[in-house]
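The chain below stands alone, shown as structure tokens; this is the form predicted on its own.
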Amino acid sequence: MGTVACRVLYAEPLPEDLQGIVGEELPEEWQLDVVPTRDREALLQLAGGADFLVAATTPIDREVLAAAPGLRHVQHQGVGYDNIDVPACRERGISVSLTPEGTTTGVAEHTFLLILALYKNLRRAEAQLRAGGWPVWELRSRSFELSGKTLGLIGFGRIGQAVARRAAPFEADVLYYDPFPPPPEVEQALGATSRTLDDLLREADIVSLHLPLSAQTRHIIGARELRLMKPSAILLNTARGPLVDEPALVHALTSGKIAGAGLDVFEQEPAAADNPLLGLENTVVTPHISAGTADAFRTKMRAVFANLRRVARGETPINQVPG
């Protein structure tokens, strides 16, 4: 096929400004199609002529693959690929790759956004101020400093390590749990100490999730794990919603088992309007935007099209999902 006249289908609706960023990275003579709506039929119709497919949250299943007879490669623009039927791609000889580039910084920064918003009672303080109040004293006994606290990271890969690196200026202690720990020199450089999962949950003031979603990690935080946490502890999830058993979390938050939660992801996305987590005073919630910056998107698109060029030249893509 060479490197010309390839068709790329972006499988998510995009606003015009982001389409412009994608277009800036598109090689000459390549064609870009962007699915205009979340309507399934629009995706299936446009998939028919695609050589490459770029996906974020859209399910890429057997129906989509059957509609794309010429598809060679699926490029996930992030790292959580639970929406892609990898075995079905493998059967068709379609490679699947991830795009870790551009994700790390935004997620690591967002982790601290959630921590500080919870520790400083940002929601309560802003709401009362906007309503005409001046809660200088009312929130003091429920507000805390990150300095001197113990930050427990469940998952110590690329993002977990980036969070640990940023914890040092806050003078926070770092514990981590990971079934595949890094080399000792990485642990030493980041000032992090390994723990079992149960010990981390018992010791940490802040528990932050940085794991991929798999059969093994689904509901890794459930009722049992929440009972192990301190009543003063907070839970953060910027990874994948199903890592946490949401009904168990709601019970822990409403019964005082833990003090609060900062959530960028949910078991069902978009989160339903009646999800009880959205109405709790001791939660800070955002709509899966931790990696959603213009800086990250530009970096991602640069990496996405670099990989698509590799495949077009007949080379093996990088960051390929094994199988």
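All figures in this text were calculated on a predicted structure; none of them were measured in a lab. Residue positions are given as counts along the sequence shown, with the first one as 1.
What follows is about the form predicted in complex with a small molecule, which we do not show.
Which of 166-174, 234-242, 128-136, 85-93 lines the interface with the small molecule in the model of the complex (heavy atom within 4.5 Å):
Selected range: 234-242.
By the heavy atom within 4.5 Å rule, which residue out of 261, 50, 291, 60 makes contact with the small molecule in the model of the complex?
The residue from 261, 50, 291, 60 that makes the contact is 291.
Sole residue of 159, 201, 221, 71 within 4.5 Å of the small molecule in the model of the complex, by heavy atom:
Checking each option against the small molecule in the model of the complex, the one that comes within 4.5 Å is 159.
May I ask you to check whether residue 252 falls inside a 4.5 Å heavy atom distance of the small molecule in the model of the complex?
No - in the model of the complex, heavy atoms of residue 252 and the small molecule never come within 4.5 Å of each other.
Can you work out whether residue 118 and the small molecule are in contact in the model of the complex, taking contact to mean some heavy atom pair no more than 4.5 Å apart?
No, residue 118 sits far enough from the small molecule in the model of the complex that none of its heavy atoms falls within 4.5 Å.
Even though the partner isn't displayed, in the model of the complex is residue 122 close enough to the small molecule, meaning a heavy atom within 4.5 Å?
No, residue 122 stays farther than 4.5 Å from the small molecule in the model of the complex.
Could you confirm whether residue 207 comes within 4.5 Å of the small molecule in the model of the complex, counting heavy atoms only?
Although the small molecule is absent here, residue 207 would stay clear of it in the model of the complex, with no heavy atoms inside 4.5 Å.
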